[in-house]
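The chain that follows stands alone, in the form predicted alone, written as structure tokens.
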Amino acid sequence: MIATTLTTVDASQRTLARQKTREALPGGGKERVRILSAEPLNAETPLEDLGDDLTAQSQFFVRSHFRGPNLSPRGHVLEVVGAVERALRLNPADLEAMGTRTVTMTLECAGNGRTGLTPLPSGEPWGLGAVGTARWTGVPMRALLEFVRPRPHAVEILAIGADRGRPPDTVDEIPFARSLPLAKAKDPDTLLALQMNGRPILPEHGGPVRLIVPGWYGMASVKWLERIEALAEPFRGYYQLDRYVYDHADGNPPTPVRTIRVRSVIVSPRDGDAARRGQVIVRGKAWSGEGVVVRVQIGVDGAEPSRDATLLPPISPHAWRAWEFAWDATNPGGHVLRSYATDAKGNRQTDVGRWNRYGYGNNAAQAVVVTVQ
């Protein structure tokens, strides 16, 4: 069962968090996400709200490292500098005039599922709701780079957000910043996104301009983008080398967190639900940064998961895939359901995720307990 994500937030924080979320979400008043922390704002989506192909902005998870900046959609300026032939200063309208592309993409926080690791690593106590899928519209980074022409010695593209703060164990304030290898920056689906599901991106989701990187965990998709810099040598910033690395505390050097690992979740029935005896339709989502999910298997009560779920057609190469399974719930009492996804490259979920110091990339199979009556 998923550990509750609210236990680390005291009552006063929860009150402030709810108020802040209601102010941030369209229409206000109806809380659509589960708050983990108020400042900076971090919130996840209840799994039962992940049933649709696209996740509404009001239901989409929020990941913030620092207090969100107050940016003007009209007055915001994006700088493009560094090892380029032509430096630029662009506002969102200038960007949009370069020509946009729309890509449906699943975004997942690297810490999603952290509470499933033992002992619990440091970091936000994410359950399984730090994931969502949206239709992102923006300018391909490739088009921008073709215009500014990186110099031959450029090796990475650094994306810098407008949010600033002081991470643990650091002296100075820094912005949230991450770099991409030049080849990944030139992926045709790497976007400087301006819209989310056909509307301007809300501030808590990184508007007015954010980066969207296909197939990689969400830390690469820098929010509140204010500066792009072509680098002649690899970036060595805090969120590149000190965090978002797999550190297994086994004496081996840490390795970078990048590609989303294959995962599936059960969105219906919910953990703890009761069901009438008979056929129960189990529904869920499955995704991977390595390729389209080609198989989902269901295990019941620890039995070998040899029964296949029915996969619905893919909605995008970069998006999750819906699946359904008809479970013959004939025996009364408590039962444990698990789903296991396999992607086109043969990667498959396991029962136990590998522990690492910061709790990244835990894609262990989810357990859902259902009582048959």
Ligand SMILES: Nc1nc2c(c(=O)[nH]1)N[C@H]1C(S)=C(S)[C@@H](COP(=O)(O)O)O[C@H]1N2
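From a predicted model like this one, the values you see are computed outputs, not experimental measurements. The numbering used is simple: start at 1 and walk along the sequence shown.
Below, we turn to the form predicted together with the named molecule, even though it does not appear here.
Only one of 62, 309, 50, 322 lies close to the named molecule in the model of the complex, with a heavy atom inside 4.5 Å, and it is 62. Interface residue among 218, 269, 140, 150, judged by heavy atoms within 4.5 Å of the named molecule in the model of the complex: 218.
Heavy atoms within 4.5 Å of the named molecule in the model of the complex belong, among the stretches 74-82, 92-100, 260-268, 222-230, to residues of 222-230.
Here the marked residues 134, 189 and 291 all miss the named molecule in the model of the complex; none has a heavy atom within 4.5 angstroms.
Heavy atoms of residue 161 reach within 4.5 Å of the named molecule in the model of the complex, making it an interface residue. At a distance threshold of 4.5 angstroms between non-hydrogen atoms, residue 156 is out of contact with the named molecule in the model of the complex. The named molecule is not shown here, but in the model of the complex it comes within 4.5 Å of a heavy atom of residue 107.
The named molecule in the model of the complex is not approached by residue 124, whose heavy atoms all lie more than 4.5 angstroms from it.
Contacts to the named molecule in the model of the complex (heavy atom within 4.5 Å) from stretch 198-214: 204, 205, 210.
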